[in-house]
Ligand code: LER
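Encoded as structure tokens, the following chain is the form predicted alone, with no partner shown.
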Amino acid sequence: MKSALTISLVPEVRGGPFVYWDDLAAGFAAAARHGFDAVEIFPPLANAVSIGVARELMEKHSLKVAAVGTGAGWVKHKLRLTDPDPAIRAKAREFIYGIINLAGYLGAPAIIGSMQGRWDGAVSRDQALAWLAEELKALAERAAAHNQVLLYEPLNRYETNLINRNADAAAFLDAHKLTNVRLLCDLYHMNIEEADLAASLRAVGPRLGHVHFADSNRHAIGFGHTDAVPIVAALRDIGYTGYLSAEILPLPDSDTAAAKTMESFRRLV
């Protein structure tokens, strides 16, 4: 397993669960200083990150890009893949296409989390899920063109009412034959929705593509009450070799959060 931390370049989510903020070069330097293997980037738009500059930073600091997030599509631009307006769904798809291209050129997958949206009003859950499946299929095809998978993240009930549990997400992907989509399992969301975090990971083993490494309070692992020992044991048991990426609050400050994450990673992994 490999370590990663998050860098957000989106001012609208300042104060949210990202270790470093605003400055890509400074975030890369900090990740290298703390001994991480990779960074996870959350840009406001695909063209907000220069591929050339990012590659130079990767080479300079001997770091990979673990994934690129699409959350700004919802937080900043209010785009959802399940919006009742087909024009907005099309804009959401195009926004994500751009992120997939950026991620692909950096050797990384893109993440679909908050942009999945929710069902409400005149849109039934079945209709929203049908739209989601259709969009994930198109997005996964674009990811495959870069020899990458697409990462789909089940969120907790307070952020979406579509799919909240890992097993349900895996069943959804299987039912729609979305073979190039993998699950991003976030320990923070799982702490809300799953009865047994380790058992949940074991159950979806072949579908697992990425892990957000966060404690119960969304601080660094070790600052909450999540027992990470059985979780890491489960990941070993299913042969997971991907990233444990710290999508966490930068508390008490970014450097302490990064240092605590790396301390926990080295102790557990």
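Quick note: we count residues from 1 along the sequence shown, nothing fancier. What you see is a predicted model; the values in this text were computed from it and never measured.
The form predicted in complex with L-Erythrulose (LER) exists for this protein as well; it is not shown, and the discussion that follows is about that form.
For the options A128, L155, L173, L79, the residue carrying a heavy atom within 4.5 angstroms of L-Erythrulose (LER) in the predicted bound form is L155. Think of it this way: in the predicted bound form, L-Erythrulose (LER) has a heavy atom of just one of E134, D168, E159, D196 within 4.5 Å, and the residue is E159. Within 4.5 Å of some heavy atom of L-Erythrulose (LER) in the predicted bound form lies at least one heavy atom of R218.
Using a 4.5 angstroms limit between non-hydrogen atoms, P250 is distant from L-Erythrulose (LER) in the predicted bound form. Here the chain stands by itself, but in the predicted bound form one stretch of 137 to 145, 185 to 193, 119 to 127, 92 to 100, 185 to 193, has heavy atoms within 4.5 Å of L-Erythrulose (LER). In the predicted bound form, H212 is the single residue of 202 to 217 with at least one heavy atom within 4.5 Å of L-Erythrulose (LER).
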